[in-house]
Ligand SMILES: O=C(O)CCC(=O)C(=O)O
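What follows is one chain in structure tokens, specifically the form predicted on its own.
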């Protein structure tokens, strides 16, 4: 029988817009993920700043560092195994209420000194897709421990019942673009969740969340998987085609040339 969330867990998710699930990933798969994360991060061909898969992040020291690969499912059999893991798929289908498709997947390294992200709702950049917000569910999977010191993700409970950012995004990749207004965040104190490796957090595409910089000397790796309700079709390929088009335009405007996807 496929893994399913309990009615109590679903009630918690529906009330807060997120749910912490300890020890979702077993030790064997976790060890494999750890090794593959190390391997791909050390691959100089992937870290090429012209690679559309690699996304840079500002650092506290004033520089930039490649801090994310998006997508990752084609980089390793271990990542593919994670996506199709019974517990992962079961969690996603439990929330959506039926079969799901993989929509988006990324690995965030959160390197030492890397900045965090301002409070936002993921749906802000997905709202033009032919699917409602409740048809998109994300799962954060911790590869490393996540703490306040290394920039663990903070969630704002109960603010997922509506979209709070209606303004048009003029700068899709700007750090101040698409943020949740501060007066909205004031309604619910954020909850920072400490995570152990293998823990997961499921959260709605409308749940505001943010993170602080990594103030430690170690990476804080986390994999983010987003699934879509299969009733709306497979949205992955059209989404990434559009996403890469915007990336090319943004990087071309910054003077970057010879872009590729590897």
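Residue numbers count along the first chain shown, from 1. Model, not experiment: these values are computed from the prediction.
What comes next is about the form predicted in complex with the ligand, which does not appear here.
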| item | value |
| --- | --- |
| Listed residue (81, 120, 101, 127) with a non-hydrogen atom within 4.5 angstroms of the ligand in the predicted bound form | 120 |
| Sole residue of 58, 236, 68, 47 within 4.5 Å of the ligand in the predicted bound form, by heavy atom | 68 |
| Stretch from 128-136, 158-166, 110-118, 182-190 whose residues place a heavy atom within 4.5 Å of the ligand in the predicted bound form | 110-118 |
| Exercise: residue 53 in contact with the ligand in the predicted bound form, heavy atom 4.5 Å | no |
| Partner contact for residue 91 in the predicted bound form: the ligand, 4.5 angstroms, heavy atom | no |
| Proximity of residue 87 to the ligand in the predicted bound form, heavy atoms at 4.5 Å | no |
| The ligand contact at residue 228 in the predicted bound form, heavy atom, 4.5 Å | no |
| Heavy atom within 4.5 Å of the ligand in the predicted bound form - qualifying residues of 136-165 | 151, 153 |
